[in-house]
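A single chain, nothing else alongside it, follows as structure tokens in the form predicted on its own.
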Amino acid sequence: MRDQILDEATELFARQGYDGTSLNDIAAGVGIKRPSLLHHFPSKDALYGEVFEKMLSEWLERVEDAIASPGSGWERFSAVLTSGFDLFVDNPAYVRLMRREALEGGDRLGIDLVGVVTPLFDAAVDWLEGEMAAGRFRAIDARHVLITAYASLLGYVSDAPFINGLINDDALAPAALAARRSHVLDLFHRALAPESGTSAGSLTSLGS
């Protein structure tokens, strides 16, 4: 029941926002009464905080698994990029919640969103700079590479209804997603390719 409540709350908070969602709405969506929901979560704030903790836990777990994958240079960077892309596509409600919190400052959370993500971000920057120093990547601003990667993944999913009109197609359809994944990987592969022109990895597998 607890997981059902969290799943319903995630969908409603993402679609209607924190202020537009009541505990009665969430309880009704699960098929229980408000007192039963309060047995699991003492308040809307507590429920909202746990929704984010679950979301961040899954996101960090996927990223850490990708980072721990074998290989170096492009092989590892593309694994992390693909993992993030797949997570956002599989969980569009996460994307909408992240957008809302980024715009609204995260004041309602019982957790420090920036504080949770910063150590992982800093570790990724250090790794990228190490790869650049080793000559496997072009020497560019590692922090902006990561911010651009995050924006390119999150923005495509969050803005899918708008993008539908631009491409006259369903942006989240399998073929469109495969094309987008291939494009993003190709774009970053070219941006990170060493100055010497030696490839950090083959482009033939970018769409896989």
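Note that residue numbering begins at 1 and tracks the sequence as displayed. Rigid core: the largest C-alpha set superposing within 1.5 Å between the two forms. All values reported here derive from a predicted model rather than from experimental measurement.
Omitted here: the form predicted in complex with another copy of the chain. The next part is about that form.
- Put simply, of Ile140, Ala46, Ala68, Ala173 only one has a heavy atom within 4.5 Å of another copy of the chain in the predicted bound form, and it is Ile140.
- Among residues of the shown chain, Ala124 is not one whose heavy atoms approach another copy of the chain to within 4.5 Å in the predicted bound form.
- In the predicted bound form, another copy of the chain sits within 4.5 Å of a heavy atom of Asp159.
- Within 4.5 Å of some heavy atom of another copy of the chain in the predicted bound form lies at least one heavy atom of His183.
- When another copy of the chain is considered in the predicted bound form, His144 lines it closely, a heavy atom lying within 4.5 Å.
- Highlighted residues Ile5, Leu56 and Phe88: none comes within 4.5 Å of another copy of the chain in the predicted bound form, counting any heavy atom.
- Here the chain stands by itself, but in the predicted bound form one stretch of 38 to 46, 59 to 67, 24 to 32, 175 to 183, 175 to 183, has heavy atoms within 4.5 Å of another copy of the chain.
- Contacts to another copy of the chain in the predicted bound form (heavy atom within 4.5 Å) from stretch 18 to 51: Asp19, Gly20.
- With the core superposed, Arg143 shows a C-alpha displacement below 2 Å between the shown form and the other one.
- After superposition on the rigid core, displacement of the C-alpha of His183 between the shown form and the other one stays below 2 Å.
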